[in-house]
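Coming up is one lone chain in structure tokens, specifically the form predicted on its own.
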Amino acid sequence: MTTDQRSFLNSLWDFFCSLKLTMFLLITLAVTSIIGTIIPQGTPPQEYLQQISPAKFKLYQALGFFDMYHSWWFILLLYLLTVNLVACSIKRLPHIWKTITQPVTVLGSGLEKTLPNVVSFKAGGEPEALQAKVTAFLKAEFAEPVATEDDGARHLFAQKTPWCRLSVYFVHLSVIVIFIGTMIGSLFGYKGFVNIMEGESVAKAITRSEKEIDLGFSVLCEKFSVAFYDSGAPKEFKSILTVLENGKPVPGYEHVPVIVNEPLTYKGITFYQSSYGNAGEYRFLVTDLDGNNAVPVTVPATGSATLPDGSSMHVLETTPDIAPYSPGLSGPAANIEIHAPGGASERVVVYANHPELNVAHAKEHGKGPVIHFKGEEKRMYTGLQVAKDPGVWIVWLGCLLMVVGIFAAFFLSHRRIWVRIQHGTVTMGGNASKNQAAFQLFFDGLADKLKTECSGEKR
């Protein structure tokens, strides 16, 4: 391997071990995750097209915004963060592991100078008896010490929770485990949707790529209902579902209510209440200004219809009673949008019980057609998101590891105490991996007790 090759590999290694790379990736992931919060994920295409233009839909779809957490660029960021965490761990773990498994047990002069907490005092008695007294004291007040003799001095070393130094690696491992669970879910799971008419069942789901997935069972929508606020906004929509195996209801999965945030899960497949709609039809009567040449027109709830003059119309919304919106009027009404052959469009409200208003609107424009609303036949369907994620339990395992790691990182510290007995002098030093202020208070109290113990006074 040439010098240039070594230099390149060293630069690449340093790049992946960089804390700056970690911060950049974390910030980038956090910022891009906002997209997944603002833009609904996994919604059927027709629902997106109701809110944004076809051009924006194509752009967002190309960028993967509708399935952001499975997009190639988001997964690439996760891979880079995984490599970064592994590289950082490999680089720093050997030193930490040596600190835990091969601690310095001798309080030499060099170590003594580096410790923030050191105290010395004279103590009488034989060195063996003094060592036994200090050993018993440390075992009772702190931890069982390890005894070492070096250069005529007796050394005692005790430590608590040395493994907490690995807490950061637990966090690193938890992130990697979560990524692995996410990848398993991405590779072996799927997300899709189904629209089920009331009284009907489905056995297949449609993915975002419009691929059919066989569920292995059927889901029957027995009933769908929706409640509204006074403003007309939907308050709650609920589906009553039953799972069918070989055409028969599965015990325990009959008449299950499904609302937002309360899904149904069966055989690892979860059904979330997502949307609803009307797949029925609307009936209109189209005439000229004199009321002649009447032509019945049926408009599907999810489509449009062509009028006798060549224009087209579709229904925006309907109400069974117009009175709350237009005092003095009553009966059903429909808000429709008419598209003229020349490209112009117009929105207008047409009534069932007030044909004179329909005629008056047509006369304002100087020509027909006159459109009368004749009613509707509603047929509701429920829209469900379907998700299968075999990696979800691995993700939960990663979350548990993260909680353990974060708890250890914030609330535990590696505390060490050294004691040297030499020429009738007892020297004690101590250090902690974090929270030095609290450890100093503990160390001072422990030193006072040790002085009392070695002096022979009663505590």
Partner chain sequence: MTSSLLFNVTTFTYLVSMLLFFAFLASRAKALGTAGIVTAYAGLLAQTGAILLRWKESYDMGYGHAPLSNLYESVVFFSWTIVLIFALLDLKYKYRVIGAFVMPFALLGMAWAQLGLHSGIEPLVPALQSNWLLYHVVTCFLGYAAFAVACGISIMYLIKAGSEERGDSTPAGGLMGMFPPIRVLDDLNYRAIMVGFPLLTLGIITGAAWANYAWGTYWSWDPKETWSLIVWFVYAAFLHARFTRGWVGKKAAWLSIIGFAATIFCYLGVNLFLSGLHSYGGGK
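Numbering follows the first chain given and starts at 1. Bear in mind that the values here come from a model prediction, so they are computed numbers and not experimental data.
There is another form of the same protein, the form predicted in complex with its partner chain; it is not shown, and what comes next is about it.
Listed residues Leu63, Ala30, Leu49, Ala55 were compared with its partner chain in the model of the complex; Ala30 is the one with a heavy atom within 4.5 Å. This chain appears without its partner; in the model of the complex, the one residue of Lys122, Lys235, Lys378, Arg347 with a heavy atom within 4.5 Å of its partner chain is Lys235. Shown alone here, Glu262 lies within 4.5 Å of its partner chain in the model of the complex, counting heavy atoms only.
Interface membership of Thr37, defined by any non-hydrogen atom within 4.5 Å of its partner chain in the model of the complex, is confirmed. When its partner chain is considered in the model of the complex, Thr182 lines it closely, a heavy atom lying within 4.5 Å. Its partner chain is not drawn, but in the model of the complex it has no heavy atom within 4.5 Å of Leu441. Figure note: of the listed segments 315 to 323, 383 to 391, 93 to 101, 331 to 339, the one touching its partner chain in the model of the complex, with heavy atoms no more than 4.5 Å away, is 383 to 391. Although the partner is absent from the chain shown here, none of Trp13, Cys17 and Ala136 has a heavy atom within 4.5 Å of its partner chain in the model of the complex. Along 409 to 431, a non-hydrogen atom within 4.5 Å of its partner chain in the model of the complex is carried by Phe410, Phe411, in order along the sequence.
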